[in-house]
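First, one chain by itself: the form predicted on its own, in structure tokens.
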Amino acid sequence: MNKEEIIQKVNAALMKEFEIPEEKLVPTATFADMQVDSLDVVDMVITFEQTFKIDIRNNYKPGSFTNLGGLYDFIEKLINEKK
């Protein structure tokens, strides 16, 4: 899966599951910018683990990412490590 496919899947999930408007889904957007609270983050992790068949919870370390662009990179890294 290439980076563009990851971005498309992440954005699609965020728009569908969390009703985040597409215009807010830019690489520099933080969770605060997207109005995502801590409960949403938990749901988001589960959604992305299921979507990408990766283990985010056991691989996340504070500072792993601070914005949406970092999340894309983090997911891409986990996918590549799984290969």
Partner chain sequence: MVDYHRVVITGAGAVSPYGAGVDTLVENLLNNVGAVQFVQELKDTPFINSFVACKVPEIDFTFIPRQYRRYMTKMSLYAVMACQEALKNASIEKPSDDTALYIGSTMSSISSWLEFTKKYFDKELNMVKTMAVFQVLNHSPLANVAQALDMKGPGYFVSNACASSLTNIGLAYQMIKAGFIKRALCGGTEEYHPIFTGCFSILNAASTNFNDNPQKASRPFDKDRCGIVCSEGCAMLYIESLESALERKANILAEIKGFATNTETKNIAHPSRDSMQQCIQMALNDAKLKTTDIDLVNAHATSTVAGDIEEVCAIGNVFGKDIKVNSLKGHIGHSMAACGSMELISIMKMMLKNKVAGTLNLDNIDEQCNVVNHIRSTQEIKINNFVKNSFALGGTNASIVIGRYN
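Numbering follows the first chain given and starts at 1. Since the model is a prediction, treat every value here as computed from it, not as a measurement.
Keep in mind that the form predicted together with the partner chain is not shown, yet the notes after this line are about it.
At the 4.5 Å threshold, heavy atoms of Thr30 stay clear of the partner chain in the model of the complex, well away from it. Under a 4.5 angstroms non-hydrogen atom cutoff, the partner chain in the model of the complex has Glu19 among its neighbouring residues. For Val26, no non-hydrogen atom is located within 4.5 Å of the partner chain in the model of the complex, even though that partner is not displayed.
Residues of 24-61 placing a heavy atom within 4.5 Å of the partner chain in the model of the complex, in sequence order: Asp37, Leu39, Asp40, Val42, Asp43, Ile46, Thr47, Glu49, Gln50, Arg57.
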